[in-house]
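Coming up is one lone chain in structure tokens, specifically the form predicted alone.
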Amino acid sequence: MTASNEALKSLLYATADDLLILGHRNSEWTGLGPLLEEDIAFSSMAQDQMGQSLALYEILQRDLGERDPDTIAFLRPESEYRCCHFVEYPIGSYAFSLMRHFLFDQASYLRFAALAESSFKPLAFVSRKLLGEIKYHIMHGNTWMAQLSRGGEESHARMQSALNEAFPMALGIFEKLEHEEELVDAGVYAGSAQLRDLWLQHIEPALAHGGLALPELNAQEAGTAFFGGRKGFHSEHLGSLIEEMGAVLRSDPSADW
């Protein structure tokens, strides 16, 4: 069985849009990091994530007949984005951004590790190339999450609070994609539920090493509270970010940026 173009697009847009939007959010730490090293680290990760999104947008253009990457990234209406809500939220405190980084990049690595075996060869090839970058993100996130979680009573409390806030949002990464059954049957994608379960197996020991515990969630938080992004329904934070991201390109769409 071969997946349809519409099914492939749903996967590629969701994956690329997550990376693009979080990359822009992480770039907001440039000049504001609590340490120079962290200023540089978040800026570097932001650059990586935007480059990763570009690689996926190029597949959409080259192999699936979509528009050029600049148009896709910056000139779509909000309803055409397929990112999860988790990446849309402002950077907030450093503890929140660090926890989002830890939770998202663990999921991102597992997603690309699975996609490296995808039956859709252009995506498998790109995924294998991107895994090396994401390994460094995971090393950074694990190191700082553990260090701050064990850095004293106040530091531990802040990290636990950040986890309590971020974890329900992070479940939105695994919102079921449109045409997902088709993607799974065709061997393109492992499936959102399978990746979520694998992600939980990976993050729980790392969190426990820092003395952190996953929060108990009520039915709404554990279900669909932060869902909708994969279908084009977004938080109140995305629209203004898209306007900011595309301002320069919209000022002269014919220019060669």
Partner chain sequence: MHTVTEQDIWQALEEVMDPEIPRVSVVDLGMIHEVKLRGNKAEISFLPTFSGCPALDYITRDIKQRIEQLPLDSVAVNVTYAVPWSTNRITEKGKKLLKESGLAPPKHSDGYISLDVLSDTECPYCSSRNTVLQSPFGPTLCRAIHYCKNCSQAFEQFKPVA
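Positions refer to the first chain, counted from 1. All figures in this text were calculated on a predicted structure; none of them were measured in a lab.
Unshown form predicted together with the partner chain; subsequent notes refer to it.
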- Of the candidate stretches 186-194, 225-233, 40-48, 200-208, the one with residues having heavy atoms within 4.5 Å of the partner chain in the predicted bound form is 40-48
- Of the options L110, A166, L177, L130, which one has a non-hydrogen atom that comes within 4.5 Å of the partner chain in the predicted bound form? L130
- Query: in the predicted bound form, does L171 have a heavy atom within 4.5 Å of the partner chain?
  - Reply: no
- Task: Give a yes or no for V126: in the predicted bound form, does one of its heavy atoms lie within 4.5 Å of a heavy atom belonging to the partner chain?
- Result: yes
- Query: At the 4.5 Å heavy atom threshold, is A55 in contact with the partner chain in the predicted bound form?
  - Reply: yes
- Query: Within 4.5 Å of the partner chain in the predicted bound form, do K135, M139 and T143 each have at least one heavy atom?
  - Reply: yes
